[in-house]
Each structure stands twice: as structure tokens, then as C-alpha cells.
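Quick heads-up: it's one chain on its own, the form predicted on its own, in C-alpha cells.
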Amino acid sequence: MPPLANAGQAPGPPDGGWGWAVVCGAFVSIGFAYAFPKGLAIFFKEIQDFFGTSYSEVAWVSSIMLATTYGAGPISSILVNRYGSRPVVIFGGLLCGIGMVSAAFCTSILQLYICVGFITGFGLALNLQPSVIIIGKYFLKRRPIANGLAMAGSPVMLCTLAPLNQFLFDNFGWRGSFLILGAILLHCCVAGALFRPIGAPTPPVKPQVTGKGKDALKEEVTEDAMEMGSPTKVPMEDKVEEEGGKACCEKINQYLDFSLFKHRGFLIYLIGNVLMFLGFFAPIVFLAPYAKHIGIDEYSAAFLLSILAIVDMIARPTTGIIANSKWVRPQIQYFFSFSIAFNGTCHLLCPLASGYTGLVIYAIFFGLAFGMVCAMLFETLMDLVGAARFTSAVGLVTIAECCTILLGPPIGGTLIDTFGDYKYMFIKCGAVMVLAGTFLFIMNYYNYRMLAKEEKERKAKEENPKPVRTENEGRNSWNKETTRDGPELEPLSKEQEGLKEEVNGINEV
């Protein structure tokens, strides 16, 4: 029976059907993963007064959580490749609940770092990457729209969590609020249950090699080595060791494809995003404390995050629809670069807002820019590397980004502690993001030019193919090279020349 044509391939993306239920589950998981660290900023001032710490020390709570969420990306990718998205997300939801419940009983800021930062952050990591990955398996043509809808979970959750956290704090204190939030995070387990596997790939049929076949193969390899005039015999043990090393590398690449670091577009995306995240999250973390600092009441300060979230909620699916259009999708990298630079410009103009009205205007434009960036954050990566390598790409990108994510808010807190003013933090974040957007725009232009040039060369080679050398020609050229390059064969070549001269002399006589 001949092998099937689709052997070794997984079923294609259905672009609908149960995929919309998967989008709903990703909406919840991604929403908690992104919005929860920002929503905790409501408790920062009270936690600071309770433990007697500085702004930068309290900011480490959300920084460690975000860094763990991103830094655990490779672990999440490996678990998804091994077990699938559904069990990984369910286990991550359990970890989130355990971390927040444990944080309610903490007696020092260090314990909060462990419970909220590491345990809850790792649980959120097991929610974020699998949710993004499974959308790429269910959608292809409508993928930008599906990503935009799923990423809209973040502003919806932030819009809900900001006033909810303030209400919980007023009625139960920060300890009681953490207990309730731990129970709420268990809804990630329900969201993970919707991630039904789309189907397993059909294993390809491998020919069985008998013992006689292996012996014959060894003999053929030995004979070929002798025929090719190899100066030294190639031992079979070395070949077995080389094959074992290759098998080990292939096994590692099954979980994480490190060859992506040779991908030009991936490296451009990685460098730009690492720089961008240095100023991406800090403005959201310090927006509510900044409003309280200039004399705005607590509920109005929390409402700024709700305004930002409402605009963000509308911006993400709208950006997904625009990015899916035939005019933008082929050049989506430029659109992404513009969104980052626009985000940075908003932060640079924020110090000009002196009252509550100015902060409302800033929150509206910030929400628009933030939604544009988040809607295309993973879509642009999938556009560069493809769906097949996206799982590994997400893991490698997130672990590289975790360093700047970890340092961003504490650097902003240090600037606030040093100068006693928030404007330097906003200026720092804005300058970094404008620089990142400019870098991505220039390098993406270079990448598009190089891709067009390579495509042109490829078509030229297809139109004018070079003559293919035969096996004997290859062996002869290899023999000439080894004879020319091998210094140990020089005496033999001299003896051959002497014999030729003697034979010629006899023929002449």
C-alpha cells in the first residue's frame, strides 16, 4: 500500500468552527496574563506604607511577575510541544490561584516577590504562550482578526480589575483582596478546558532495516570510501558518534528551534522588541500612582486605567481587522513599527498634562497606541517565521524580553525616587520606544529589500539552471582536491610522476 500524501502532517487550520470557542478561552487566559500585573498597581501605595518600602522596591513585585511570565516562555513552549495547550493552561491556572492565596499570608516584601512574582508569574506564563500558539493552529486566513479578538481580553480584564481591585481593597484590605483574586484566577482552568486539540499529525511510515541491510549498508560505505581515494579510512565508530550528536541536536530542536537565531527577520524583531519593552509596561504601572501624586482621588485615578482599557479594548480588534486587509498585511511590519513609535510619542507628551483632563486625554491616546502594539505583537512574529516555527519563536523571544521587562518599572521607580517627579520616568519610556520603533522601521525596510533581492535571484536560477555534475565528476574533482591539498600524499604523487616518465622513455625508444 503506497504511503498517504499527507503522512506526517497535521490537519489544516479550520478558520472557524470550534476555533471561535478557542478564541473565547484565549480571551480569558491572555486577558489575565497581561492585565493582572497592571491591575495590582492599585495596591502598591498601601503595600509600600504597610512594609515601609520605596517605590522601586514595590515596583519589583510587578516586574518579577512580568519577567517570570516572559522568562518562562521556553519552558511553556516545551510543555506545549510535549503535552498540548489544554493541560498546560489548566495547570497554570492552578498555580496562579495558589500564588495569590499564599501572598495573602506574606509578612515581608521578599515573600511577596516569591508568591506574587514567581509563582503567580509562572502560572501566567503557562496561560499566555499556549493561548497564542493554539490560535495559530486554528486560524490562517482570519488569523489577524482572531489574534486581535483574543488580545482584546487584556483591556477588558484591566477595565474590570481596576475598579474591582479598588472595591476589594476598600472592603477587605489588600490581604483579603489577594484571597479573592486567587479564586478569580482559577477561571483560567475553565478557559484551558476549551483548548481542544485540533488533531495529531499522522506518523510517516518508516522503512524497516534488517540486520543484513545494516551490514550491507556498512560495506557500501566502506567501499565508497576506498573508491573515492580517501587518504585515511573513515572508521564507522566516528560516523555513529556523529549520527548520535545529530540525533541529540534534532531532539532538542523538536522543542526549541535554535536555528531561528540565523533568521534575519527574527533577529530584527527580537532586538527591536527587547528595546521596546524597556519602556512598555512602566507607564501603566505608575499611571494611577502619578494621578494620586498630583492630588487626584483614588477612584478617579483608578478610572484612568479603565479609560485606557476601554480604548484599548476597541483598538485591538480594530487593528486586527486593518492588519488583515490586503493593503496592510503584506507590509504589516511597517504598521507595527509605526505603532511602537506612536506609543513612545504619547509618553513624551504626558508631562505636559498637568490636570485630570490632560491625563484623560493621555489615557485615551495611550490606550489606542497600546492596543495597536499588542494586537500585532505576535501576528508580526508569526508573519516572519511561519506557523510551524512559531512555538519555538515565542519561547525564545519571551526569554530574551524578560530582562528589559524586569528592569523597566524598577528603573522608572528609581527615577521617581531620585528626582521626586514622575515626568522623567515618562520621558525615559517615550524616548526608548521611539528609538525602538525607528530601528524596526529602518531594519524592516532593509529586510524587505533583501527578501526581494533573494527572491529575484532565486527566480533567475530557476530560469537558468546550472548543469548538474554527475557522481563520477564529483568523485574525480574530490580526488583532485584531496591529492592537491593532502601533504602526506606528495611522495606518492612524485613516484607516480617518475613511473610515467620511465614509461614515456620506453615508448619513445
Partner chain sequence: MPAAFSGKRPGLRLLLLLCLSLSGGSPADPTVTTQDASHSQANSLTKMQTGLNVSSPEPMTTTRTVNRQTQGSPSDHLTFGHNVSVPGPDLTTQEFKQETKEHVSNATFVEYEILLPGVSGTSTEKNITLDRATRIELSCRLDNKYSHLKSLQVTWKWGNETLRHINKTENSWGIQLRIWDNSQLGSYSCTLKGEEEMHAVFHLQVPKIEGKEKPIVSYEGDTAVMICKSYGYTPTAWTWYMTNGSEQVAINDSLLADKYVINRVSANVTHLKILKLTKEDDGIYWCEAGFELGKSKGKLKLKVLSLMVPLKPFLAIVAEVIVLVTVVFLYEIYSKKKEKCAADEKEFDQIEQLKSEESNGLENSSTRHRKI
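Here the rigid core means the biggest group of C-alpha atoms that line up within 1.5 Å when the two forms are laid on top of each other. Numbering follows the first chain given and starts at 1. Just so it is clear, the structure is predicted and the values come from calculations on it, not from any experiment.
Note that the form predicted together with the partner chain isn't included here; everything after this is about it.
Gln166 is the sole member of Ser392, Ser337, Gln166, Asn273 with a non-hydrogen atom lying within 4.5 angstroms of the partner chain in the model of the complex.
Site annotation in the model of the complex: the residue of Leu406, Leu79, Ile90, Val385 reaching within 4.5 Å of the partner chain with a heavy atom is Ile90.
If you check the partner chain in the model of the complex, you find a heavy atom from every one of His187, Leu194 and Phe286 within 4.5 Å.
The shortest heavy atom separation between Val156 and the partner chain in the model of the complex exceeds 4.5 Å. A residue is said to contact a partner when one of its heavy atoms sits within 4.5 Å of a partner heavy atom; Asp297 fails this definition for the partner chain in the model of the complex, lying far away. The shortest heavy atom separation between Asn171 and the partner chain in the model of the complex is within 4.5 Å. The closest non-hydrogen atom of Trp18 lies within 4.5 Å of the partner chain in the model of the complex. The stretch that touches the partner chain in the model of the complex, counting heavy atoms within 4.5 Å, is 178 to 186, out of 353 to 361, 263 to 271, 114 to 122, 178 to 186. For Leu349, the Cα coordinates differ by under 2 angstroms between this form and the one not shown after the core has been superposed.
Superposition on the rigid core between this form and the one not shown places the CA atom of Gly395 less than 2 Å from its counterpart. After superposition on the rigid core, displacement of the C-alpha of His187 between this form and the one not shown amounts to 2 Å or more.
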